[in-house]
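This document opens with one chain alone, in structure tokens, the form predicted alone.
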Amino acid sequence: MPTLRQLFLANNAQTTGFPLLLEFERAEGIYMYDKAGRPYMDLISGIGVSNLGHCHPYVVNAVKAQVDKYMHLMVYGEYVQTPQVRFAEKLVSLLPGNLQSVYFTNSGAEAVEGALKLAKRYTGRHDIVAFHGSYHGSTQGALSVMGNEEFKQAYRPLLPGVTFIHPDNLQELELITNQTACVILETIQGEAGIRVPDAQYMTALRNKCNETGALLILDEIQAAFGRTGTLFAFEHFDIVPDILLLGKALGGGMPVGAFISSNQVMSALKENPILGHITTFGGHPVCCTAGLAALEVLLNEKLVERVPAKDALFKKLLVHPAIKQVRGKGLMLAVEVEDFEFNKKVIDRCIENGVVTDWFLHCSNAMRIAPPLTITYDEIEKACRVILNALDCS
């Protein structure tokens, strides 16, 4: 009989020729457990998803209760489904007044697709401005606004009319014109190796969009829900987007994304033609139930308030001759070393010693640190000891 690993390699489509091949039986809190019961600390939250750790009991119980009521009933937007309504209501209550209409999708990438369509439809324009180093997903539209040619060149032609500019370059803001439908950027760039923009630049960008009528789309698929030390990352910069993108941690471990805008902007999808953006499973009731439960835990347990201190502890402890820089905000950090080869050795040794981390798509010489917000100070110290030991031995 073939092993599960052999079946995985034979029957499950592979994304690289070198998958990690870690096999876990269960997960709880910040730990994942293999068949022998050995714990592995999840220092990357399943790439930004598990803000509360794994299998938070409040979220699990909410999911179980919803499954007993109903699962899929109808394509998105037709039936009044309590989980969708309550989740949207809660999100809107936490956002500025112009972000009042939530469109639930299956994933962050689909939220990107919907937002790009919405911006073009509402403005009647087709030009898009995106950023070098950006990552917005792997679907055709999202790939078109990705700022890394290596990952997209094999799939051209992509969307036309996309211009790329550099973060923090004030002069290049002149490339945003009255022909620009939207500007899309990650509030804090993730796969570029956690790049935090200058606050004055973000203000200038917001002003330029106001001047030209271009819609400002902020992608917080990785950065939202307390990861940077505020509930939403744009709060650090005292600006508000025209369209906000959410995903990853939005679903509390279940697959859901969203793009959020004003009622006025979002209404453009309702006519000429109707059904301007449709999805079968977007806003799935079980996923929305999980997302609302996770958001309630995040707020009730005041997890966001403790993020800055945990950020400071990581930066205090991660001091080593091989570390060139620890950058980022909150629990969205990058540990930069000399090159990918050394970084890979360190990451592999960390995994061997029970701490799971990885590198960034657009910055392979940096290690990702984005643990669940529930990580304790003792667990941070433990993780840092493993990382420092791996640096010594690599």
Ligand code: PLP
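Numbering starts at 1 and follows the sequence shown. Keep in mind that this is a model prediction, so the values were computed, not measured.
The same protein has a further form, the form predicted together with pyridoxal-5'-phosphate (PLP), not shown here; the description that follows concerns it.
Stretch-level contact analysis of 308 to 316, 269 to 277, 204 to 212, 128 to 136 against pyridoxal-5'-phosphate (PLP) in the predicted complex, using heavy atoms and a 4.5 Å limit, identifies 128 to 136. Taking non-hydrogen atoms only, residue 107 approaches pyridoxal-5'-phosphate (PLP) to within 4.5 angstroms in the predicted complex. Proximity of residue 186 to pyridoxal-5'-phosphate (PLP) in the predicted complex: non-hydrogen atoms within 4.5 Å are present. Looking at residue 248, you'd find a heavy atom of it within 4.5 angstroms of pyridoxal-5'-phosphate (PLP) in the predicted complex. The closest non-hydrogen atom of residue 181 lies beyond 4.5 Å of pyridoxal-5'-phosphate (PLP) in the predicted complex. Out of the listed residues 244, 294, 221, 146, 221 is the one that sits within 4.5 Å of pyridoxal-5'-phosphate (PLP) in the predicted complex by at least one heavy atom.
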